[in-house]
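Below, in structure tokens: the form predicted alone, a single chain.
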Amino acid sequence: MKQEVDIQVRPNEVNSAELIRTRISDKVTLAADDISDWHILRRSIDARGRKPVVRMRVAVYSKGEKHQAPPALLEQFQMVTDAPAVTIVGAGPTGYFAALECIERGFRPVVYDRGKDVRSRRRDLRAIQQEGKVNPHSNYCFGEGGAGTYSDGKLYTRSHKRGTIEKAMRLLVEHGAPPDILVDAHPHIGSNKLPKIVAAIRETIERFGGEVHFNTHITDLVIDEGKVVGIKTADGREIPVGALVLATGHSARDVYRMLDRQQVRLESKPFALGVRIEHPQALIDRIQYNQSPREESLPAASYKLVTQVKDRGVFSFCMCPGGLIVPASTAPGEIVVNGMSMSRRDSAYANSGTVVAVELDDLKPYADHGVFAGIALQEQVERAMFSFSDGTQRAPAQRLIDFVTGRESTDLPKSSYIPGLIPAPLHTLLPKGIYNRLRQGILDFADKMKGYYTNEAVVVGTESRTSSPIRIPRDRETYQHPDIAGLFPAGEGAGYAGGIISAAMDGQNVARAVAQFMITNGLASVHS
């Protein structure tokens, strides 16, 4: 017989099977010897009390029953070498999970990415970190695995489609992710482990007959009588397509402009813009856990902060405990930063994007740019930051209290940001409305999190790529663009996801819609 119970243990007791069995028996009124098996369903840290505890929801089995793990998803895959092809542009989580779903449904995915494979991509990351050189096709945003590969690997999502979430998580585990992600409330993988997982997914796609092509920049679509029939590449090729999944990420601005030239309908959408704030990790541990140093069994402490200032949300975003700030520019002449963590989250620093919601009303000063108003705002701020960077990827920065009080910092604390920081008046480089809301938001955060407001913390500009300011519209039922048959906008770049798991789930959903489109339209012979 199976029961579910909630228990709690101290962090240093998490791996004590004997203690957990005892706690379970107290809950189910069974003797420890009568418990034949147990399985953790959910696990989270609760630091609200004087001492942190780990809360668990556990499935308990008696009368000789055992937990049965579901069969491996990859065991159900079959070869698709001779199957109809589905063209996918973008090798991030949306594109790769769409490709896996295509294989499962009997279609052959053919993936094109403008960047390099995940191993070769590392050379370009070193170049931007150490030399300030930005490769516009291979960087922290573009290349195999997308931006998520080098952004900590946080897997939290607010979506309630639990079945699909579980499937995406299991596929990650089957490609090398730690099984803990299936039970942790806020799972993450780490940017040191993600590259191998991404490469393993590509190997699965190719092993079952799919294709993955790197260094292939798509420069145009071929549209005939309201239907996409091909793609054009920078090297002059024209490739016919039956169905096209467009999963190019939130920073592929040239893709939006290419679609606009083709008169493909686009829409402006809200996004967020701000800065990245970095504290010493020991300070965050002391605030959250009431202890310093934290006990070894506890992970680096994190936080989540949100407030409302003048009808706009101000919130922390992509918080990276024990993490690093990294340069996320996708073109020369701009400064963009992001955060990442390794699997151990053992850096001496904690950083988080701290951003203000930008609504469509806020874009009126950029109305001359039409649907590109949000991008115009992003570019204005990114270029202003670069103007203080001495021509490299050194990022403009200010101590936290100096930022709030509008005072330039004469010096800066040590930081995880490898290219280096340079003192700059961020309070004048940001748009006035953004700065004023950030300023008040930080003061609100100081009331909620005692110790947060300190000049030990540094504010770094700019966090401008939280999401795309443009949406590529699609039909709710068919997932196709409402005006272009066979065009399936997907993922963060299309405006329908925000993070690794939501992007992966969107890729799966789109692939299912593509499969139905292929069957309905008799495209079994395309590319077969």
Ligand SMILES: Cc1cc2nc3c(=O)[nH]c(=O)nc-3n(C[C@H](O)[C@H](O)[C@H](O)COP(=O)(O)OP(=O)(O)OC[C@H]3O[C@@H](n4cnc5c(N)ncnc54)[C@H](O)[C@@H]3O)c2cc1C
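The first residue of the sequence shown is number 1, and the count goes up from there. As the structure is a computational prediction, the values presented were derived from the model and not from experiment.
One more form of this protein, predicted together with this ligand, exists but is not displayed; see below.
- Among heavy atoms of residue 142, some come within 4.5 Å of this ligand in the model of the complex.
- Contact annotation for residue 216: at least one heavy atom lies within 4.5 Å of this ligand in the model of the complex.
- Residue contact with this ligand in the model of the complex: residue 393 places no heavy atom within 4.5 Å of it.
- This ligand is not shown here, but in the model of the complex it comes within 4.5 Å of a heavy atom of residue 150.
- Between 354 to 362, 267 to 275, 245 to 253, 416 to 424, the stretch whose residues reach within 4.5 angstroms of this ligand in the model of the complex through a non-hydrogen atom is 245 to 253.
- Among 350, 172, 385, 89, the residue placing a heavy atom within 4.5 Å of this ligand in the model of the complex is 89.
- Between this ligand and the residues 339, 441, 321, 109, the one pair within 4.5 Å by heavy atoms in the model of the complex involves 339.
- Looking at 379 to 394, no residue comes within 4.5 Å of this ligand in the model of the complex, counting any heavy atom.
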